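Next up: just one chain, as structure tokens, the form predicted on its own.
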């Protein structure tokens, strides 16, 4: 009986690990995503003591061919109103720009600044730029294990940047539901130590189930206990967005 139980456990383990980490992340990457998105985001900055600051943001994003563009504009409160952030990815290159109303000028975000805090939040500039997902070919992916929680099966994958790839983190550990392949938790490590945790607390379907989009995200800095919550609202999917939106002129409006 003991031998039979051992065989059953070994077979179950081999079946669970039949899919590789690379295959899991390919399925994550294969999810259809909108060609464009427009909506409102509410950002809440929550201190370790529970004090909150709330900001309202407008966002536009568009994918055309091999080019991705995203513009974020703060509309409230008054101290950040008018601040705008633009990111453009094309041919493996990325350009970031920030408009500060007080200075009345647009400045480029240097590579050395991309790891810094985005507007005092727990998201870095890189984190905001990569909200739609990591570039999976830049990472090596290893399936660590499968686990169950509340009756749902998860693949737990470790992703480490390949040699020569610039990354804010030494590795990421991603929890991927086996039924949706939309990550619900990502742990970010620096120098082998857990640094931040991103939780996708709510995922909604759009376009009659064609798209699954996280609409409630929380980034927690485990070192400080500070949290940033992003809630996406009033999303419009696959709408026409003119190229003029992704310009310095529109940033200054």
Partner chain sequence: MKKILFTFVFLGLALAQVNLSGKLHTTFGVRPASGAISGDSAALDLNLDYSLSDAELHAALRFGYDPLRGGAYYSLGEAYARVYLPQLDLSLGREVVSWGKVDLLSPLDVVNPRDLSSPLNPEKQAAAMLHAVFYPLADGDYQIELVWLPVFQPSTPPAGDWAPQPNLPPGVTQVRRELPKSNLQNGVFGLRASASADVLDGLDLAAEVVRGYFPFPSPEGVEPVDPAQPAGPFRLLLGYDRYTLFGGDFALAFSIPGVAEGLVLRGEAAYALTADAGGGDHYEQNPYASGVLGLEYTWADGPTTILVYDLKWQKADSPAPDTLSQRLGLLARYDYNERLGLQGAWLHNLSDGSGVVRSSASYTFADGVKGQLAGAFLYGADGTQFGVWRNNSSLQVSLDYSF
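All values derive from a computational prediction rather than experimental measurement. Residue numbers count along the first chain shown, from 1.
Separately, the form predicted together with its partner chain exists; it is not shown, and the next lines address it.
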Is every one of 64, 165 and 185 within 4.5 Å of its partner chain in the predicted complex, counting heavy atoms?
no
Does the 4.5 Å heavy atom contact test between residue 54 and its partner chain in the predicted complex come out positive?
yes
How about residue 42: is it within 4.5 Å of its partner chain in the predicted complex, going by heavy atoms?
no
Indicate whether residue 195 is a 4.5 Å heavy atom neighbour of its partner chain in the predicted complex.
yes
Does residue 152 reach its partner chain in the predicted complex, with heavy atoms at most 4.5 Å apart?
no
Pick from 176-184, 155-163, 93-101, 142-150: which stretch has a heavy atom within 4.5 Å of its partner chain in the predicted complex?
93-101
Exactly one residue in 109, 128, 134, 71 has a non-hydrogen atom within 4.5 Å of its partner chain in the predicted complex; which is it?
109
When its partner chain is considered in the predicted complex, the residues of 198-230 having a heavy atom within 4.5 Å of it are 226
